[in-house]
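Shown here is one chain on its own, the form predicted alone, set out as structure tokens.
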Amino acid sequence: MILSSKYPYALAETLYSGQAFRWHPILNGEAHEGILDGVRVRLSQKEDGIHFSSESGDSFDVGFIKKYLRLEDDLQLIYSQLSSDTYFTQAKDLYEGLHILRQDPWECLVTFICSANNNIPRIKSLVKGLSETCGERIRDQFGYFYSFPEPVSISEIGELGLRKIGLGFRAKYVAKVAESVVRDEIDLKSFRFLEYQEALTELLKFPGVGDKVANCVLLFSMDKLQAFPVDVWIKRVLRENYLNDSDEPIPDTKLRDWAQIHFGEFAGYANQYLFHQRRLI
């Protein structure tokens, strides 16, 4: 099946830009394989669009993958809104077509808790171990794979079990978040319908979730395109290119507020382009 978009789409840049951690290249890099909603999915980009296939065939909800890839995001509008920013324009010219993904909020929350003081290869390794230990083992035509574990599965293995996988200090937080979601019957997807500040407040109640992780979850799974995660890379970008000659120094705790005012309603898109560029230079 072929998925088309009216707007530029750079599939590889999008999948490997530090938003999601269960994609990997296959067929000598010509295609990409990931696990979405308990189904193994394969995507490849060709001149006529993004080619999509899965073991489920036509029974898989194509609308789901379209929403996941955010094919509907009007990049031309986003670019025009941010065009006055020279540094963003440089990043856009390098990675034109990079989209924000719309991920499952539970998976996004856990993976970004795992991202604390970590690099992308290590995060992918932890997510793989977590899925193989706690997720459902599923077989398709390509062999076995594992779904991302549900909260109850993670709560049952507990902190000790998560430490054995290698989560380290993150194990405590992942275990407590899983317990909280199960105990309080929290539907994280419902946070998508809250206003940005209200959803942020709710996420910050979870153990191990600070402003950076909360904004990652809001941006990559909850449709809050004004969210602006501030990690070490973004901090460097802002300090080096925007605030290096500022008359009034802005503390780290206020960098997000400054950036959201500066970049406006699509601050999250600006964030992802700046992060991707700074991380790779």
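Whichever C-alpha set is largest while still superposing within 1.5 Å between the two forms counts as the rigid core. Keep in mind it's a predicted model, so treat the numbers as computed, not measured. In this text, residue numbers run from 1 along the sequence as written.
Just so you know, the form predicted in complex with the DNA exists too; it's not on screen, but the next bit is about it.
Remark: all three candidate residues (Gly18, Tyr173 and Gly208) come within 4.5 Å of the DNA in the model of the complex, counting heavy atoms only. Site annotation in the model of the complex: the residue of Ser80, Gln141, Gln197, Asn117 reaching within 4.5 Å of the DNA with a heavy atom is Asn117. Using a 4.5 Å cutoff between non-hydrogen atoms, Gly166 counts as a contact of the DNA in the model of the complex.
Among residues of the shown chain, Val213 is one whose heavy atoms approach the DNA to within 4.5 Å in the model of the complex.
Residue contact with the DNA in the model of the complex: Asp231 places a heavy atom within 4.5 Å of it. Although the partner is absent from this view, Lys128 stays clear of the DNA in the model of the complex, with no non-hydrogen atom inside 4.5 angstroms. Of the candidate stretches 65-73, 232-240, 22-30, 35-43, only 232-240 contains residues with a heavy atom within 4.5 Å of the DNA in the model of the complex. Once both forms are fitted on their rigid core, the CA atom of Asn28 lies less than 2 Å apart between the shown form and the other one.
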